[in-house]
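We've got the same protein chain twice here, in two forms, each standing alone as structure tokens: structure 1 and structure 2.
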Structure 1
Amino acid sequence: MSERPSLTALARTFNQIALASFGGGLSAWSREILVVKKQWMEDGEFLSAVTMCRILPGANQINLAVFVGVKFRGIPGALAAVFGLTLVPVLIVLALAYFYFQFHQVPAVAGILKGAAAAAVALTLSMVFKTGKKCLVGLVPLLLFLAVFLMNGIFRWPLLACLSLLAPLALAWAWPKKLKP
């Protein structure tokens, strides 16, 4: 992208991400909009940003909004992106919470929530397959992915413990090697 987006464009884009991914799947929609549609980032940069945003304290998508906002417009860009990501969803959640507590005993409400959860899982899996094809090339990245999946996803080890064990291995593998003359 040759021109950097305006503050309004940042707010609108992150609002679009938030509203399109209602019920989950924010990472999948973020990738779809930031990488595919807007082309503000490439897959590699997006994956690096999302990885950093997940290991830093705070909400992953808020961190990503700050990252993208700062990249293009500094602190005002970060504020615009976070504002776009949060304002309308907060208003919607407040309205939905009111209606949920009024009608939570209705069986159809539970069915709707289960359907939304299934859609969110499908979106997340879709992102895993799309990005996995590009970054899980070779035996070492695949083994690192499987190790994290087993440790955190199956055995439920804390993320910090998984990172403490596997991050040094990943860094050692990825560290640039000296070129021989």
Structure 2
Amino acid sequence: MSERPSLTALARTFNQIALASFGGGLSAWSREILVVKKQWMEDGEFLSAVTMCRILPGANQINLAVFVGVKFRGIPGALAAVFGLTLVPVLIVLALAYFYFQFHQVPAVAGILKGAAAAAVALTLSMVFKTGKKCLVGLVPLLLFLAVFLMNGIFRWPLLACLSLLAPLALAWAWPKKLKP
């Protein structure tokens, strides 16, 4: 990791993430910018932060902004990151809400969104390949990966049900084996 980012850098970076995610794929964009481009955190820390932010109540991406903001700059950092993530999107959504409730129409961008969504799915898939290459080595992690995909993605079990089954197995597998000093 390079230097501790400033409050402005935190706000600007999360604003960048928010605006890039037109059509979806916020998690993939977060990794693209926080891990690859800015190198503020490594994949291991990023992935565990993502899962913690999913388990805790609240919108995942806002939670991640709080988490990253606190890590570098405490409470002011969290506020800066959340502000950066939400300010412009809130203004956009307000404009859309005004337009929608005034004219009773969804702005005609359906085609553009279809294309952007196809690419956002692709960015999310490429994140699976890139992070999977590093952590899906060996039989146990591969099985954990497949099990959680089936349960949550195909069978649509709630997240908590999946994790209460699989997290203990994952922790038992990953617990450091060496004796403590």
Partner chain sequence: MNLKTLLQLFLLFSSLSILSIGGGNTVLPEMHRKTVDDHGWLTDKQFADVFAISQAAPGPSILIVTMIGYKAAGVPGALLATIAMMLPAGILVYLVSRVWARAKDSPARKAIEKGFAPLTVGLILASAWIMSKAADQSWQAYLLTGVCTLIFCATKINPLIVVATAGVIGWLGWL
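Here, rigid core means the biggest group of C-alpha atoms that superpose within 1.5 Å across both forms. Please read all numbers here as calculations on a predicted model, not as lab measurements. Counting starts at 1 with the first residue of structure 1 and goes up one by one along its sequence.
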| message | I need to confirm something. Of structure 1 and structure 2, which is the form predicted in complex with its partner chain? | response | 2
| said: So, superposing on the core, is the move of Leu87 at the CA at least 2 angstroms between the two structures? | reply: no
| said: Once the core is aligned, does Leu150 move its Cα by at least 2 Å between the two structures? | reply: no
| task | Classify Gly58 as shifted (yes) or not shifted (no) between the two structures, where shifted means its C-alpha moves by 2 Å or more with the rigid core superposed. | result | no
| field | Displacement in Å of the C-alpha of Tyr98 between the two structures, rigid core kept as reference | value | 4.1
| remark: Core-superposed CA shift of Gly115 between the two structures, in Å, is 2.3
